[in-house]
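There is one chain below, alone, in C-alpha cells, taken in the form predicted alone.
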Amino acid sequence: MVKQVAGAWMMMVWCLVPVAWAQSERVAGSTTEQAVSQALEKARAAATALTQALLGELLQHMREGGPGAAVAVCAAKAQELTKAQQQEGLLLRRVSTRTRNPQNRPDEYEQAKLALMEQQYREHKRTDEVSEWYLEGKMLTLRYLRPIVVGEMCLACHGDGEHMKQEVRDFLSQHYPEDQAVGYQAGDFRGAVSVTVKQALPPDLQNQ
C-alpha cells in the first residue's frame, strides 16, 4: 500500500513538473514581450519627437528666409536637434544611402533595411516602420527604422539641381562638395530615422 501511494505521489510530481515549466515559460515570454513593447514605444516616441523638431525648424526658416535659410539651418541644427533627443540607452540618427552629411551614412544593418524599404516603395508596398530585437545576456536591444519620404518642401534643397535657387546650390557646393542627396521627386524614399534602444531585462528575467 505504501509503495502504491509513493508511486502515485511520484507520478503526480512528474506530471506537475512539465506544467510548472510550461507556466514559467509563458510568464517569461509574456514579460519579454512587455519589455520589447516598451522599447518599441520608446523608439517610436523618439522618432516622432525628432521629426517634429526638424520639421518645425525648417518650416519656420523657410517662411522667414526661404530655401537658402532652410538649407543653412538644416546643416547647422539637424545634428544638434538629433543629439538633443538622445538619452541613456537610446541612440537616434537619420540615415540614407544617398547622404549629404557623412555622419548620416548607415551601418551594415541600416544599409540592408534601407535597401529593403526602398524596394518596397518602388513596388508601392510602403511600410510605416521596421523593427527587430534580440537579447545579449541581460540586455535587450531593439533596432527601429521609420522611413523619411520626400515632400514638396524638401525639393527646394533635395530636388533637381537645375531648379534650385542659386544660393542653395552655392551653399551645397561649399559645405557638401560630395553631396548625393539631390535629384529626388516628391514621394520618393529618402532614408530613415534610425533608433537603437538598449535596456536591461526585468529582474525576474535576469535570473532565468
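Residues carry their position along the shown sequence, with the first being 1. Not measured: the values here are computed from a predicted model. We call the rigid core the largest set of C-alpha positions that still match within 1.5 Å between the two forms.
This protein has a second form, the form predicted together with a small molecule, left out of what is shown; the following refers to that one.
Residue-level contacts in the predicted bound form: of 139, 53, 45, 153, one residue has a heavy atom within 4.5 Å of the small molecule, and it is 153. The small molecule in the predicted bound form comes within 4.5 Å of no heavy atom belonging to residue 36.
In the predicted bound form, no heavy atom of residue 49 sits within 4.5 Å of the small molecule.
Taking the partner from the other structure, the small molecule in the predicted bound form has no heavy atom within 4.5 Å of any heavy atom of residue 131. Though the partner is left out of this view, residue 120 does not reach within 4.5 Å of the small molecule in the predicted bound form, counting heavy atoms only.
Segments offered: 68-76, 123-131, 84-92, 108-116. Contacting the small molecule in the predicted bound form at heavy atom distances within 4.5 Å is 68-76. Shown in the overlay between this form and the one not shown, fitted on the rigid core, is a CA shift at residue 63 smaller than 2 Å.
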